[in-house]
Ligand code: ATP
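There is one chain below, alone, in structure tokens, taken in the form predicted alone.
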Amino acid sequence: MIIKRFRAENFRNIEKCDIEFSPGVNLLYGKNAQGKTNVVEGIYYFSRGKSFRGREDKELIRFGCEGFRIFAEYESDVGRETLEYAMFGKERLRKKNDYKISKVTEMIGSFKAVLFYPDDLGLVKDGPEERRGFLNVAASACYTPYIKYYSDYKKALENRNCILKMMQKGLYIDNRELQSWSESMAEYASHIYLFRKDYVSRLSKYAGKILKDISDGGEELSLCYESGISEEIEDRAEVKAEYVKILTSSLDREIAAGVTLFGPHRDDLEIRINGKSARSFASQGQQRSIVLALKLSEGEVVKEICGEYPVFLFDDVLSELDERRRQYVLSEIGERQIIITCCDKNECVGFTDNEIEVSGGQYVSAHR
């Protein structure tokens, strides 16, 4: 997958831009707060259906304006495709290949991108929520039904938690209502669990190899999806039955807590380096290597499942990597398209196909 063009109007600090990209390495460089990340944010919006920096779309509108518009033209294995999104007041306009679409979920999955930005360095050291978020985004790009199951799961979880809070306060609740939401949660959870388990298995295979390459064979990486379900169970009906059993047996504890204590919303991705917990024992350099391996592997899994590489977006992270890791990223491009932002273009000397100077929301390209 190759993005060919990105256009934006009144998006963040961009009044208007029309940027063309090359296959290979594209570099956006310039001083801080000039608009480099805004381009990455706009491109990634089409992959995830929302910004990775702001909670609400209104935060994306250029100061003093009433709305914004972004557009992407890209090539996939089916040929030329386009996506467009505009927001003016409460109105939303979404288009795919010039045809209107009504839901953001119809946009997600069409354009695939992997994002690596400074906050991702917390994937190893931060809490389970960071790793669950990583799994949700990554799995959504590979398994079309995943986002619907996860959305339905969250709704069921919210309703079940509401009932548990009422029971915690001593209010009478018909047990059949609680059982109904528990059954719904178990149904959706069984799908989520199997998607995540399959994804982690594929991810671990690539990440282990990449980390070995980065470390000259000196470090081994392993990943394990941690949940309350036995790893031996692979049949979905049996997985669902296990969730029902867990939710039933833990009811007293959950009423006392007023929340659901078990399920995909509480699971974790265990990362181990050389047999030890990376969260507890990985050095700062090892953490960076692990996250780099995870992000590159994320793209490999997309290629394996979907048949083509996503676009790789590296936002202001090269400066966080030492020379060896930077060289690895830039020299192992192969079929990949990479868009990199940085302040100093010398970090990529000899590797770029397209250099774009960014200043005050203006973009000047020099194709090589």
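Numbering starts at 1 and runs along the sequence shown. Owing to the predicted nature of the structure, the values given are computational and were not obtained by experimental measurement.
Below, we refer to the form predicted in complex with the named molecule, which is not included among the displayed structures.
Handout entry: Residue among L330, L318, I61, V302 with a heavy atom within 4.5 Å of the named molecule in the model of the complex
Key = Looking at the other structure, the residue within range turns out to be I61.
Practice task
Mind telling me which stretch in 319-327, 51-59, 302-310, 332-340 gets its heavy atoms within 4.5 Å of the named molecule in the model of the complex?
Solution key: Contact criterion met by 51-59 only.
Practice task
Decide whether R12 counts as a contact residue for the named molecule in the model of the complex under a heavy atom distance cut-off of 4.5 Å.
Solution key: Flag for R12 set to yes.
Exercise for the section: Please run the contact check for G35 against the named molecule in the model of the complex: heavy atoms, 4.5 angstroms, yes or no? Expected result: Because a heavy atom of G35 falls inside 4.5 Å of the named molecule in the model of the complex, the answer is yes.
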